[in-house]
Ligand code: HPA
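Before any questions on how it binds or moves, here is one chain, the form predicted on its own, in structure tokens.
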Amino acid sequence: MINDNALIESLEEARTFLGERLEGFQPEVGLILGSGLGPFADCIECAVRVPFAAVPHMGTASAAGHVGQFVAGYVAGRRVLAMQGRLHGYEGFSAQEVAFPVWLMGALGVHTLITTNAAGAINCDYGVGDFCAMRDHINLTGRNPLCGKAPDEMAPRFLPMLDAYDSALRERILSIAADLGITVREGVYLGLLGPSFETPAEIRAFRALGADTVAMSVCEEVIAARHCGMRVAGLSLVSNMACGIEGANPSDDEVHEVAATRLEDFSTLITRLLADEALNDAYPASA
């Protein structure tokens, strides 16, 4: 476990360790592979795998289907550092522990983060199996990794979130998807702590707030990424309709079953995005 007083020292120790394991490899793009989407890591060439548990001060993933390892290598010639699985608040991790691997990516040189997940659809126009590019998010986890003294020493804690999700990257996702004939929506993601699925009354409330999709991750990662100056793209797989919509009653098994049917399109879309020139330039910190 990390406490705020030791955060900066813990990150430096983790950066040194992982940098040595990567033997000089300098990642440029970070990729977080969410529920059911971890097999994309098999597409990474010249892969070096480092379990989360081996990295000093890193938590170990316990969610079903989350392998819990870094995978570094090349996709479409791009230097990628992927998280095959992620850490969640519902596993008992603090907001800073959830954000820790994202800050670590930044310390290793990552300038762009692509975060992915499985989500429930609140928007009734969406269908199971669609993808959704995140235009914005609503953080209802009740947590923020920038609380405390240490994050303010790393970069200013009063972080603007006007353009949390990079519009140019989102436009490229939509354009690439259109070329490939893959359905990608564009909407607002709502993040919760979990682990219980939402009630029908909550879903009605979230719709009134303007949310299109809902799940139990992403927000804390994106805050940390923007805090260290990364540009961010977010992509959800709609694995189910949210509770109460069309009689839906989501389950974890459903999430993984749907993801398995969409892995080929997901892999093609992410590979094309990683090959795109829009990822060539580092994004300057807004702070």
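For every residue, the number given is its place in the sequence shown, counted from 1. Owing to the predicted nature of the structure, the values given are computational and were not obtained by experimental measurement.
There is another form of this protein, the form predicted in complex with hypoxanthine, and it is not shown here; the text below is about that form.
Hypoxanthine is not shown here, but in the predicted bound form it comes within 4.5 Å of a heavy atom of G120. Interface membership of N240, defined by any non-hydrogen atom within 4.5 Å of hypoxanthine in the predicted bound form, is confirmed. Interface membership of P250, defined by any non-hydrogen atom within 4.5 Å of hypoxanthine in the predicted bound form, is confirmed. Contact check for V255: a non-hydrogen atom falls within 4.5 Å of hypoxanthine in the predicted bound form. Of the candidates F93, Y165, Y126, F197, F197 is the one whose heavy atoms come within 4.5 Å of hypoxanthine in the predicted bound form; the others do not. Between the options A99, M134, A215, M83, the residue in contact with hypoxanthine in the predicted bound form by a heavy atom within 4.5 angstroms is A215. With the partner left out here, hypoxanthine still marks one of 172-180, 197-205, 71-79, 126-134 in the predicted bound form; by a 4.5 Å heavy atom cut-off that stretch is 197-205. Residues of 128-156 placing a heavy atom within 4.5 Å of hypoxanthine in the predicted bound form: none.
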